[in-house]
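Below you will find one chain, with nothing else, as structure tokens; this is the form predicted on its own, and questions on how it binds or moves follow later.
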Amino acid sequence: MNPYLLTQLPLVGGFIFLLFLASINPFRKEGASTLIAVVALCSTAAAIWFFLPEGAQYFGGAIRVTSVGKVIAYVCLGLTAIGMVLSEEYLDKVRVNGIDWRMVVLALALGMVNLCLANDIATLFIAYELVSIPSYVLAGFSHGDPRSNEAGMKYLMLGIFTSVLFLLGLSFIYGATGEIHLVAIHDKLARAVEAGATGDLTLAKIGLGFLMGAVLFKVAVAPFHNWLPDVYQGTNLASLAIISSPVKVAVFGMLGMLLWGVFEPLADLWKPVLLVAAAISAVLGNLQAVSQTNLKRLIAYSAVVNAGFILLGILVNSVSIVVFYLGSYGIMTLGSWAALMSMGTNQADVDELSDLAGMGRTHRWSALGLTVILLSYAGIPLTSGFAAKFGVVLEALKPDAAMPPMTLWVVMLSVCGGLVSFYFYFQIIRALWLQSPAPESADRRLGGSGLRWNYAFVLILSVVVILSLGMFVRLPGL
């Protein structure tokens, strides 16, 4: 059997098994479906490790295994497995069929793996859509909630727009080069740049512009981010854990691999674009977050700020920094959702900043875990968030980094924006530990869900990883 097909079998088999399970008893088997999904994800990661050697190509070059692609695939699969564990019992609370939900996530995981290893534009587009379409479904999965319906519809309309841009970009790239394999496209572009063939480069530059526009919309980089808070606010926390963590890691990983690889000859075009987007993200993300009282919207704007730092990491061509940042951000995001899940009641989630008042006394361990995660978001030393941000800044300021003009000013702006972010992160910490709950809020907490085993597992794992990466891991060149 083709080794690459072997790596896809666990996800496909898990999907079929869940479909069979749903036909037997569609409303129960919560624990069994979680176990099947987690085993499928871990089996796929193990199969990639054992059966896909670096440099191997499959299906006539449609798939090419690279070290970066494999690492990003591991990160995505690991974060998705953690998100699966996190969804246990929560989906019952929001009246979502757990088996159906997990089938959608397995389909999405299949797209993420292929997105990381795609080597031609046809496979790339199919994988991109296989990540995108299940994401829209997850956003609107709580169809009994009008906010979820609105979030799913907004995400779908945005997705149609980004898919059109993405496909247009690929079409122009094919028209400019006549090739579909990414390596061949890179070679054609490199020769055109060297020979000064402006005609071919014009089409290629237009295609790259469409591609970057689609991806920057998809990952909600400012100024293309205004849809993100609305989608976050309407999506249930289990779906949000998948959309905001592994999906974002996969799409950012794809962007990095495309820019470092096939579009490296056009670096003079895309580097200034990333620099401007990073600067705008630092300004708008932080300023819009300051006035937020809704927790989901606040974390959405925090995602915009972190996206700016990730763009700087891609800009400096540092693979280790970008992978480290994506992994750290992914686990921090999952940990924050785990903490919020554990603080909710059996009927509702915590939603506003005022809902967290006094949680340091009533939900001590959840509040402590969330505090560590928020300190990492803010970039406090000894956390992975600090190590990731410091690594990006240090790489950008190296004399031999060959960065575009004004890079120093954008880095300074990002660092100053990080100081602004201390305000809204510490607003949450202040509510947890220094405020007393309002009487109606205290009454609402009766019958709270508490720190269930899966919330505790994800929260402890997040804190351990954040502190371990922050204190003991040393990135190359740091």
Partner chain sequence: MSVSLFNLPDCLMLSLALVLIGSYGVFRRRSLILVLLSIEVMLNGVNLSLISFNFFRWGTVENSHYLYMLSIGVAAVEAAVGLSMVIVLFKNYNDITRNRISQLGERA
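Positions refer to the first chain, counted from 1. This is a predicted model, so every value here is computed, not measured.
Same protein, other form: the form predicted in complex with its partner chain, not shown, and the subject of what follows.
Participant: What is the one choice in Met406, Leu397, Ala122, Ala184 with a heavy atom within 4.5 Å of its partner chain in the model of the complex?
Facilitator: By the 4.5 Å heavy-atom cutoff, the listed residue in contact is Ala122.
Participant: So which of Gly330, Gly385, Gly152, Gly308 reaches within 4.5 angstroms of its partner chain in the model of the complex, heavy atom to heavy atom?
Facilitator: None of the others qualify; the residue that does is Gly152.
Participant: Is Ile82 close enough to touch its partner chain in the model of the complex, meaning at least one heavy atom pair within 4.5 Å?
Facilitator: Although its partner chain is absent here, Ile82 would stay clear of it in the model of the complex, with no heavy atoms inside 4.5 Å.
Participant: Answer yes if any heavy atom of Ser336 is within 4.5 Å of a heavy atom of its partner chain in the model of the complex; otherwise answer no.
Facilitator: No, Ser336 stays farther than 4.5 Å from its partner chain in the model of the complex.
Participant: Answer yes if any heavy atom of Tyr301 is within 4.5 Å of a heavy atom of its partner chain in the model of the complex; otherwise answer no.
Facilitator: It does: once its partner chain is placed as it appears in the model of the complex, Tyr301 has a heavy atom within 4.5 Å of it.
Participant: Is there a non-hydrogen atom of Arg361 within 4.5 angstroms of a non-hydrogen atom of its partner chain in the model of the complex?
Facilitator: Outside the cut-off, so no.
Participant: Please determine, with the chain shown alone, which of 312 to 320, 369 to 377, 387 to 395, 138 to 146 has non-hydrogen atoms within 4.5 Å of its partner chain in the model of the complex.
Facilitator: Within 4.5 Å of the partner lies stretch 138 to 146.
Participant: Would all three of Leu168, Tyr174 and Gln233 be in contact with its partner chain in the model of the complex, where contact means some heavy atom lies within 4.5 Å?
Facilitator: Yes, because Leu168, Tyr174 and Gln233 each have a heavy atom that approaches its partner chain to within 4.5 Å in the model of the complex.
Participant: Between 271 to 308 and its partner chain in the model of the complex, list the residues on our side with a heavy atom within 4.5 Å.
Facilitator: The stretch touches the partner through Gln292, Arg297, Tyr301.
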